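Presented as structure tokens, the chain that follows is alone, the form predicted on its own.
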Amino acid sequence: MVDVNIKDYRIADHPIDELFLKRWSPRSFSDKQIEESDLMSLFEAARWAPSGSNKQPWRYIIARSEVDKEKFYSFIKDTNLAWCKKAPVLALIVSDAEANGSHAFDAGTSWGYLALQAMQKGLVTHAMGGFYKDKAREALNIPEQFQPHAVIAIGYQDAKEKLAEKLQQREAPSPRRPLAETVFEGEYRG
């Protein structure tokens, strides 16, 4: 991983494991391939996420070969294609809308587990909402009951200088709003 002094970007209001602060979504990916066992450990972690009534409504469709990645490129928006093509693995997370009312929430939890396991393995991830869901459904033969949520780039981080100049400016961990603006006791206070 590229060395970033996380304390220059993120400071927790309360003590937490450093893993949560170090995880961020870079755009500069090395084209270095991921060992099968390391890659599958990410999806193994995702498998163990909690879900409503244990329905486990999420599914991941992955692309590693050039043929499969070309399918993904057909529905990823140009702003994301500009950087994600170097990632050795792309994954689309979908969830079964018929499983339960919390299918999207559960899929998001699964993605979170995947992202944290990636950090543990020295990998980085970047989830993208910038894609055409209808085109993804068609290109990947996704049944109607499944809703596409995000495309995830997975790989090893590379130097920001390998990105277009416009993207280099954004290649840093983002801060978070203060906890006091996120947690309200008793009622909403926005």
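In case it trips you up, residue 1 is the first one in the sequence shown, and so on. Since we're looking at a predicted model, the values are computed, not measured.
Just so it is clear, the following notes concern the form predicted together with a small molecule, a form of the same protein that is not shown.
In terms of non-hydrogen atoms within 4.5 angstroms, which of the given stretches 133 to 141, 23 to 31, 43 to 51, 65 to 73 touches the small molecule in the predicted bound form?
Comparing against the small molecule in the predicted bound form, the contact stretch is 23 to 31.
Just one of L163, L123, M128, L39 has a heavy atom within 4.5 angstroms of the small molecule in the predicted bound form, so which one?
Checking each option against the small molecule in the predicted bound form, the one that comes within 4.5 Å is M128.
T109 versus the small molecule, in the predicted bound form: is there a non-hydrogen atom within 4.5 Å?
Close contact is absent here: in the predicted bound form, T109 is far from the small molecule, nothing within 4.5 Å, heavy atoms only.
Can you tell me whether Q169 touches the small molecule? I mean in the predicted bound form, with a 4.5 angstroms heavy atom cut-off.
No - in the predicted bound form, heavy atoms of Q169 and the small molecule never come within 4.5 Å of each other.
May I ask you to state whether N80 is within 4.5 Å of the small molecule in the predicted bound form, using heavy atom distances?
Yes, N80 sits close enough to the small molecule in the predicted bound form that at least one of its heavy atoms falls within 4.5 Å.
Is there any non-hydrogen atom of S174 lying within 4.5 Å of the small molecule in the predicted bound form?
Yes - in the predicted bound form, heavy atoms of S174 and the small molecule come within 4.5 Å of each other.
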